[in-house]
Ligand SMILES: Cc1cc2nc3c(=O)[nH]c(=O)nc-3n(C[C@H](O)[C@H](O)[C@H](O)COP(=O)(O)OP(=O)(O)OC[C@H]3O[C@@H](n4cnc5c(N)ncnc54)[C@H](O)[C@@H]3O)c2cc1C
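Next up: just one chain, as structure tokens, the form predicted on its own.
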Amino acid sequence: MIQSNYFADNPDLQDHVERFVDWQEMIGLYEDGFRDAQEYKATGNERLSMAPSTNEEALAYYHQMLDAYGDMCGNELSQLAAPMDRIGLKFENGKVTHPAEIEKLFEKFDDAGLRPIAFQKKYGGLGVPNVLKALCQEMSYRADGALSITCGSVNLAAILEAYASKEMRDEWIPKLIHERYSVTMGLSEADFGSDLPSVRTRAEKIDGKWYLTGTKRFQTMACGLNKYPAVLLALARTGAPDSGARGLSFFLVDSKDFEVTGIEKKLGIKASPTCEVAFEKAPGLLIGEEGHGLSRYVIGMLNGARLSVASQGTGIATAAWYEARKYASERIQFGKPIDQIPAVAKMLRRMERESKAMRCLMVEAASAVDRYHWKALRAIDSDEKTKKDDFGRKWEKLASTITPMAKYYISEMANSVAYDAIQVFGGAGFIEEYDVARLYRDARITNIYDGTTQIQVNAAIGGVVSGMAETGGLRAHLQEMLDLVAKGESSRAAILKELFAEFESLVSHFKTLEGAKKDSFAFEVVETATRTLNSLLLAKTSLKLTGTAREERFQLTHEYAVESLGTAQASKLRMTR
């Protein structure tokens, strides 16, 4: 892997931080009048000592974090990726053993204070908006997927901030952070992956305490890391066997109370253990209310997982593009570097285009969540009823559509960009000596776990269609960006208007279909929706640049929009024939 600071060497990521993200809005949403800084002054709570008290202090803190992540990920984590992939993990007598190098990296990552990025400061977390978390995680996943999961799995427990009781939050979140726990989502079983309403793991209440019996499969980091423990956030049935989703509840189970019965031999992310675990009357702590495990808590956790996979896909695509670009500039064939061969240059240009579109979509999804999440969380923290204003309702609805769009599109494009990287390397790319082979293997899981592409399309299609109604939120959001571009660069808007009109037409025709035929074209509608959104995001960000940088980004936007228009037209042709 290229060794460098992954923040300092990425101009597009820097542009998002310096120019594209509206930090005044994001800081205002997260810091809420800098309440943490005010509490620190009043109480002296050391967990809040780094809380900013002005926008300038917040931005300085964010820059410091980005630079630290970029340095750790690009100069250390990335350099362990290939050897740890080769060495892998050992499983013997119910125990998983990580190589000593991974344990040392984990400890160094934790000692640097970079691990608990998803938690609020009051629990010992870094205390940042989701959009900053997404950018940091992108750099981590660019370095390596498996090691990123190892170092950052604890952040899955951020779901506790929203749904656990105050007593559980105050006890368990700091414990998970400071005792170096790993965390896994205890959802899938041998016979039930996406069909979560049918899970069979059973929770019984005996003398006022809950005990779980059953098995879970595909449990990432359920073993912990050598001497460090883990918890499962487990979905289990508390209702009757036929109670479906309404009979499921959500539990926290400590690794000392369950058995790891094996680990999977996987195609990729080999340095990350994927475990099978068995519960035999394992003590569990109920999270939230009984019966809301799937309908409320797991769905909330999966939304966070979608954002993480979006960062993972963006990181993998960025790594693949950077590696391919470097190789193509150095590989001499026919008396010149192969990046001067038009066919290769065309592939590299597409990889660049897709990587930048993916980053725009990742940031858009994370920002959408930030716009409703923190106000709702503060209401929970203060034991108030969550009161959603029009702004919060708008963005919660948009986020419920954009997050599955981001997870689907970015994971699919990560596979595509990694595929092209192999092609740029030619025969060398097929050899494990080069990192692109591992990137190609690691990318494949992204459009499977935490909900397959097909599940994401199913989650997004309703919001896309209803959102494109005359007064729909998605329509208004897209139209606002289109109007902004038309006002700022009217000559650039023609292709975007044509794409938007084609998307409208596709949705209108989709609504006339019925039954299985309608279901079979949901992918095409969601794909066109996502590419339309991405085209507008690329154009909108272009307005923030000047000179040659502005011209180059608008040219890239035009290329992306033309390709998107062709995709939309082809989809409509298939739908109407």
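These figures come from a predicted structure and were not determined experimentally. Just count from 1 along the sequence shown to find any residue number.
There is also a form predicted in complex with this ligand; it is not shown, and the following applies to it.
Peer 1: Just to be sure I understand the contacts: of Ile269, Cys360, Leu77, Leu212, which is the one whose heavy atoms reach within 4.5 angstroms of this ligand in the predicted complex?
Peer 2: Going through each option in turn, the one that passes is Ile269.
Peer 1: Heavy atom within 4.5 Å of this ligand in the predicted complex: which of Asn130, Gln137, Gln219, Ser355 fits that? Just give me the one.
Peer 2: Filtering the options by heavy-atom distance leaves Gln219.
Peer 1: In the predicted complex, do Ser188, Thr452 and Asn458 all put a heavy atom within 4.5 Å of this ligand?
Peer 2: Judged in the predicted complex, Ser188, Thr452 and Asn458 all sit within 4.5 Å of this ligand.
Peer 1: Any idea which of 501-509, 138-146, 159-167, 441-449 reaches within 4.5 Å of this ligand in the predicted complex, heavy atoms considered?
Peer 2: Residues of 441-449 come within 4.5 Å of the partner.
Peer 1: Give a yes or no for Thr184: in the predicted complex, does one of its heavy atoms lie within 4.5 Å of a heavy atom belonging to this ligand?
Peer 2: Heavy-atom contact with this ligand at 4.5 Å: present for Thr184.
Peer 1: Please determine whether Gly193 contacts this ligand in the predicted complex, using a 4.5 Å cut-off between heavy atoms.
Peer 2: Flag for Gly193 set to yes.
Peer 1: Is Thr274 close enough to this ligand in the predicted complex to count, meaning some heavy atom within 4.5 Å?
Peer 2: Because a heavy atom of Thr274 falls inside 4.5 Å of this ligand in the predicted complex, the answer is yes.
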